[in-house]
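Given next, in structure tokens, is a single chain: the form predicted alone.
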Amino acid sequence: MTGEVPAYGSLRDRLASILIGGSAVLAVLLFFVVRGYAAQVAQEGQDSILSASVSSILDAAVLRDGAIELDFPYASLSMLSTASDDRVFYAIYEDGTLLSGYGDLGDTPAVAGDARTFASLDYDAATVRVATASRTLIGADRPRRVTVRVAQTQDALAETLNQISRNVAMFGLGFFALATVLAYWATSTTIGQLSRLTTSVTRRGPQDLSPFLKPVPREMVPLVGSLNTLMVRLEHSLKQSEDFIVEAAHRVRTPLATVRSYAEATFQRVQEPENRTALRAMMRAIDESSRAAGQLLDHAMVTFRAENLEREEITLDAMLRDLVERMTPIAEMRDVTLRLDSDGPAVLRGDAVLLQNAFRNLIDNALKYAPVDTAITVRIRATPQLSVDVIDEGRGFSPDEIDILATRFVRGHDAEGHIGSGLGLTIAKDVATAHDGTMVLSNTQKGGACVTLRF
């Protein structure tokens, strides 16, 4: 039973967890990579504007009459205006001496040639970005070095980065959601191959041991190969079991028939009452053993064929008429009349061997319990539902036992003195079930037993 198989987790959940976890890591990594790249691009943009501002101030510096004059260009600072109204600071130095601006705007770094330096520092309770550049002016007495520093707060840059971060986060969440859906779809599609294989195995009957020939993914080839090998071994094992049952029944029946013939011949010759009683008991035991072997064989055959029926169109009235004719001599030996009642042709698509087996067991059961000088009726009804009734005129079924009499090896309390194994009704019920039918036990108004097979 599948309930007894220990389960350890779920392949689908495990695969989905791996894919979703990988998607989450990629989404987080994407967020930080894009945000870092955006911050770098935004910072480079601010640095370019700061560099242009510094250059415009330096270009306005001239040396006149041994003194540096600087006509401060308005555009050099106006180009730094932003939507967030960032504050701008500047400082102009001559050979390290402050000429104009904020003297506390950090230490003046050494700048070689026309190079530009950029730095971030805290100033006036805010983080500012500082661009520094220098220019050498050649005078009559000596060269003068002019250094300009321009700083700007980063409110606009922070707001831009926050907006980019929000957009990237939304994009990352969308990517994660899409990846999650794709992960479940991918796992369902992948595990679906196993589900289809499971369904294919489940729908097979016990007798369907043919190999699986449909293409499967490469990863499932070893599993399907192992299943096919198991099918071959099971088929071989079932074949051996079936052959063993047939051979065993044959080997039991033949010696029993021989022994019974000898016992019956001896019974006719002996005259002593004790010997005749012993021989009579022996013949009865032989009959019980022979009947049990026959019904065991019938039950085994029903078990093997029930899940793989060889269906064909069967005319039930013709089948039962032939069966009644063949069993009439047995009924006459017991002073019982066997008759067939049919309201017309009744056609059923089923396994002829199993159906004949079931009807023979029902008629045989009725013959065992039918009193002498009574009749057994086999009645066929095609409408409103196809059914076959086997009715005797005996004592009928005990109401206390009627629900369990179809159980294997169960016999009623009135079976004392009758040869049987408790398999006749079981065989008939199994055959009806194999044909999607039912078996109903009831008693007639006159008290006789009635067994009905409905299809």
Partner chain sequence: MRYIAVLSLAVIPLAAIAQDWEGRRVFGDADAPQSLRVLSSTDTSFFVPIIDSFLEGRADVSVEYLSTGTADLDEIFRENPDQYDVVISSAMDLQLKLTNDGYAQRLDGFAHPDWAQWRSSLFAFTTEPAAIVINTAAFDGLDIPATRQDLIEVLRENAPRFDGRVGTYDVRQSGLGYLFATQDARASESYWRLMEVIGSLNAQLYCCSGAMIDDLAAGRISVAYNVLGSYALARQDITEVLTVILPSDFPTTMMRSALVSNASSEPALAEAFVSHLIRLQSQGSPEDFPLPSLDAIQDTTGRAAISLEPALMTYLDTLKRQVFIREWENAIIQNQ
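Residue numbers count along the first chain shown, from 1. It should be emphasised that the depicted structure is a prediction, and the values quoted were computed from it without experimental measurement.
Another form, the form predicted in complex with its partner chain, is not on view; read the next lines as being about it.
**Item:** Residue contact check: residue 118 to its partner chain in the predicted bound form, 4.5 Å heavy atom
**Value:** Looking in the predicted bound form, residue contacts with its partner chain do not include residue 118, since no heavy atom lies within 4.5 Å.
**Prompt:** residue 406: heavy atom within 4.5 Å of its partner chain in the predicted bound form?
**Reply:** No.
**Asked** Even though its partner chain is not shown here, does residue 190 get within 4.5 Å of it in the predicted bound form, heavy atoms only?
**Response** No.
**Message:** Given that its partner chain is not shown alongside this chain, does residue 361 nevertheless sit within 4.5 Å of it in the predicted bound form, heavy atom to heavy atom?
**Reply:** No - in the predicted bound form, heavy atoms of residue 361 and its partner chain never come within 4.5 Å of each other.
**Request:** Report the stretch among 78 to 86, 228 to 236, 158 to 166, 179 to 187 that approaches its partner chain in the predicted bound form to within 4.5 Å, counting heavy atoms only.
**Result:** Result for this chain: 78 to 86.
**Prompt:** Only one of 313, 122, 71, 141 has a non-hydrogen atom within 4.5 angstroms of its partner chain in the predicted bound form; which is it?
**Reply:** Result of the distance check: 71.
**Prompt:** If you check 197, 99, 292, 382 against its partner chain in the predicted bound form, which one has a heavy atom within 4.5 Å?
**Reply:** Only one listed residue qualifies here, and that residue is 99.
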